[in-house]
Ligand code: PAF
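Coming up is one lone chain in structure tokens, specifically the form predicted on its own.
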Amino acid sequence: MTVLVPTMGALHKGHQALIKRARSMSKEVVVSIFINPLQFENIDDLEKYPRTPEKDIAIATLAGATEVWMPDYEEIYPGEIKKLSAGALGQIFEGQARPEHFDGMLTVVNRLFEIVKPTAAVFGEKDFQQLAIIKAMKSNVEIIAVPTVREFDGLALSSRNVRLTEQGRKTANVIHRALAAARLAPTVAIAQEIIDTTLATEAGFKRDYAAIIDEDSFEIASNETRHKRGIIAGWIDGVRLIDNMKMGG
């Protein structure tokens, strides 16, 4: 049994959690590191994406990876690229803000599955919409979800966090504060109001979207929705951050 942990490098404790979960399932754990240009709609963001290969190998190995695979572009895309479509789910929220992002993500995940042929693959819940799209993909690979790993103050771990200024790092905590404050609200309307009000306290946070959704359909939640989740995305210091949290008791 081979378990794959797909990454774009710049590994941190969140990735370690994914690798450790994979290792708990199998003695063969492949960690792929490939910065996929198809899922970047902004060339500047692609160029600024952190690259730390030596550190990544050390982190992955210590966490339990038996192989760290760093393919080049030609290995992943040897010829004409046949882009997959993420469908309607790939065009809302994160997909609306980042056109074709999810098509590019799904295309590379499919290629990784074709090459590695894993029995299972592990992904984090921080990228909740990505996780939902991958689960919906027709594949024989079992998809394992791991809860979001957070900093001491609740900020979701992300490879992009290192690009925040000192003040930006403080501002970024507003995302977790908003979700945590809304989590036990008695109604969806109150939860949404709490999120809106909390995010508005930080002028340095440029909101993209903030909503309470049905985590199964990604439609806006109602009080009757069984599985609700708050999702937030926005910009700080030119860095895009996203987070989500299950709503309710």
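Note that this is a predicted model, so its numbers are computed, not measured. Counting begins at 1, following the sequence as shown.
We do not show the form predicted together with ligand PAF, though everything after this point is about it.
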Quiz item: How about Gln192: is it within 4.5 Å of ligand PAF in the model of the complex, going by heavy atoms?
Solution: no
Exercise. Spell out, yes or no, whether the shortest heavy atom distance between Asn36 and ligand PAF in the model of the complex is within 4.5 Å.
Key: yes
Quiz item: Taking the shortest heavy atom distance, is Gln130 within 4.5 Å of ligand PAF in the model of the complex?
Solution: yes
Quiz item: Contact between Met8 and ligand PAF in the model of the complex at 4.5 Å, heavy atoms?
Solution: yes
Quiz prompt | ligand PAF in the model of the complex: contacted by all of Ala210, Trp235 and Leu241, heavy atom 4.5 Å | solution = no
Quiz item: Residues in which of 58-66, 181-189, 36-44, 212-220 have heavy atoms within 4.5 Å of ligand PAF in the model of the complex?
Solution: 36-44
Quiz item: Of Ala121, Ala86, Ile175, Val109, which one comes within 4.5 Å of ligand PAF in the model of the complex, counting heavy atoms only?
Solution: Val109
Self-check item: Any residue of 77-105 that, in the model of the complex, places a heavy atom within 4.5 Å of ligand PAF
Solution: Met105
